[in-house]
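To begin, one chain is listed below as structure tokens, in the form predicted on its own.
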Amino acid sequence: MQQRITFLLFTVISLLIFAGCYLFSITLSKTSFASGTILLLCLLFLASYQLRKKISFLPLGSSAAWLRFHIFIGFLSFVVFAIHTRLQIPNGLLEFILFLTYYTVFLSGVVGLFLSRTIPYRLLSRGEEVLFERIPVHRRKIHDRVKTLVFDDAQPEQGAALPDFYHKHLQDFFEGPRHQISHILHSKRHLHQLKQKISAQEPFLDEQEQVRLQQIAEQIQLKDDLDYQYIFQAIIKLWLFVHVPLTYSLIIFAFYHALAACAFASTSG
């Protein structure tokens, strides 16, 4: 129901803006100034969302409400942008850069909306969410636990089968984030292959070593869940690294474009 109301409101406001610009045009007024002003206000509001995150301690409304308005104004800005530019590639260098920057910011925003709707659900499917900055610490603890199981807990009479298995199949896996592409594709093939190698190794171990190998298998699952968390949280951070600076660049270009347009209008009468 809420989505229908939002869509209806979006349609009404878009039509009002379109009708307003059309009425301006038939009175021989410069519609580009009106649409450009609305577009600039939209961009300023969109950029203010990041500022709202930094001053979250102030009572300026919930973050969820700001996000909904951010998405709403983001799509509305595209309608105003289409009216302002008529979706034609401009000739001037500054206008072309502005045109390209807006499209990049808008498309990155659409990608961000998709990521924000899908990644949280995927993270919930693979264990408890871990802070991105704490993932290396958890990874190191898991690796230390595995090395203890392989080397420190070994008895003198036991052979080198388990250490050899660790060096051949496990050491590289535990040393850093692995199988990023598989995680993005939601594939567990690499995990099944590793478990098959563990099952194939068990007949060559005594009872105590088999128990330790099963404990190592549990650590493999924890490490794989951690890699899953790492790659998707890294994607979100990479997206922010692209979207936010481009938005600020767009604001600067838009202000420069507005000043240039006003200066040209005043000199041309």
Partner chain sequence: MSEPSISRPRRWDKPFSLEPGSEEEMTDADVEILLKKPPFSQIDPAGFKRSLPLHDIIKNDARVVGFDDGDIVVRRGDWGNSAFFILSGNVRVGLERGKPTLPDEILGRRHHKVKNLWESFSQLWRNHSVPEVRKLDSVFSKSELKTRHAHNSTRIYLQEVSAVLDKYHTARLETGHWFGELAALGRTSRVATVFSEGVSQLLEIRWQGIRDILRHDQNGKLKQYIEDAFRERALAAFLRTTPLFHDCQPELMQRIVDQVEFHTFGNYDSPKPFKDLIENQDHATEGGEPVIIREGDYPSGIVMIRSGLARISQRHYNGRRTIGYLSPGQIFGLDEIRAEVQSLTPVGCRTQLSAIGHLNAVLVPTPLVEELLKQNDSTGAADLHEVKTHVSDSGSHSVKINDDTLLSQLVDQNFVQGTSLMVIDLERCTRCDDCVRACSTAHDNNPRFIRHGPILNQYMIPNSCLHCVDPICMIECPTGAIFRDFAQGDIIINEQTCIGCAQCASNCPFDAIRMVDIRDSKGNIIVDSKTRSPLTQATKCDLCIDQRGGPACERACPHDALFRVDMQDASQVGEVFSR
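Positions refer to the first chain, counted from 1. Model, not experiment: these values are computed from the prediction. Here the rigid core means the biggest group of C-alpha atoms that line up within 1.5 Å when the two forms are laid on top of each other.
Missing here is the form predicted in complex with its partner chain; even so, the following discussion is about that form.
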- Query: Ok, 161, 82, 191, 123: which has a heavy atom sitting within 4.5 Å of its partner chain in the predicted bound form?
  - Reply: 123
- Task: Run the contact test on 148, 195 and 210 with a 4.5 Å heavy atom cut-off to its partner chain in the predicted bound form and return yes or no.
- Result: no
- Decide whether residue 236 counts as a contact residue for its partner chain in the predicted bound form under a heavy atom distance cut-off of 4.5 Å. yes
- Is residue 63 a contact residue for its partner chain in the predicted bound form, using a 4.5 Å heavy atom cut-off? yes
- Message: Is residue 131 near its partner chain? Define near as a heavy atom within 4.5 Å, in the predicted bound form.
- Response: yes
- Determine whether any heavy atom of residue 204 comes within 4.5 Å of a heavy atom of its partner chain in the predicted bound form, and answer yes or no. no
- Query: in the predicted bound form, which of the stretches 165-173, 109-117, 179-187, 195-203 has residues with heavy atoms within 4.5 Å of its partner chain?
  - Reply: 109-117
- Align both forms on the core first, then report whether residue 136 has a C-alpha shift of 2 Å or more between the shown form and the other one. no
